[in-house]
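In structure tokens, one chain follows: the form predicted alone.
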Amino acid sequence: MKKTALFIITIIVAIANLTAAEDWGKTGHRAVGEIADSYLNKKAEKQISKLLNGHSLAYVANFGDDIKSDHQYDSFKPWHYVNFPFGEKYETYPKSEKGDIIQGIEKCIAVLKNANSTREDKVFYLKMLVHFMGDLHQPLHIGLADDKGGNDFQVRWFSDGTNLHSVWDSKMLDSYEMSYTEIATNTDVLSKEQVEAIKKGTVIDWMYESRALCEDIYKHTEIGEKLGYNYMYEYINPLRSQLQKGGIRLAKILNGIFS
């Protein structure tokens, strides 16, 4: 019985680690939702509250990952990322027949803008949009197919074996030891001009910003490298900035849809 119980616990822990290695993790996604909430206009805030039965964007931010255990939603899994080689352009590189994060975000926006969409569909795609906008700003989600977006890029985080994707998903945020509300509350103070600059551009433009950070990460990280305090010092502010940009841009899209 003890061996069986130990085996079950081991499997549960392994599954939990796999889930955490897929994107920002719950803390990052909730931070993006919390930041976005603070940038919604009154009209958008009211309509979103009706669709979500009063719940916040932070509350639903992890919906896109929560449904992964249900096989009826398997077709949405490729919408969490896009992979193409460094030096290539998204617009000209062959697209996955299963879709990608750009196509996923566009689909969500289209459903939410369509007056003929059912309430059920609007609720579903609103939750997915909140999640995908977080994923868009996780640089390893705009990565390389060869190493599965950094999942096969093995490194050490302090004394623990892990992979590059997981470092950016959760390891740095966990080491930062702040809740999603603390992260959202302690974002950089921005002028109106700075906020407007962040809002400018398209989803593809924002994707290329994440891509540039991804390339920088690969230039400054070696396979098997032991990462720790120095890595945190170099990249925690870019990580925080990505979360803040994700929230501001999510709000921009939602304000445009519901206003």
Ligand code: ADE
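Because the structure is a prediction, the values reported are computed rather than measured. When you see a residue number, it is the position in the sequence shown, counting from 1.
If you look for the form predicted together with adenine (ADE), you will not find it shown, but the lines that follow are about it.
J.: With the partner removed from view, which of 177 to 185, 154 to 162, 75 to 83, 126 to 134 is the stretch that lies within 4.5 Å of adenine (ADE) in the model of the complex, judged by heavy atom distances?
T.: Only one stretch qualifies here: 75 to 83.
J.: Whether Lys148 contacts adenine (ADE) in the model of the complex should be assessed with a 4.5 Å heavy atom distance threshold; does it?
T.: Yes.
J.: Given that adenine (ADE) is not shown alongside this chain, does Leu140 nevertheless sit within 4.5 Å of it in the model of the complex, heavy atom to heavy atom?
T.: Leu140 belongs to the contact set for adenine (ADE).
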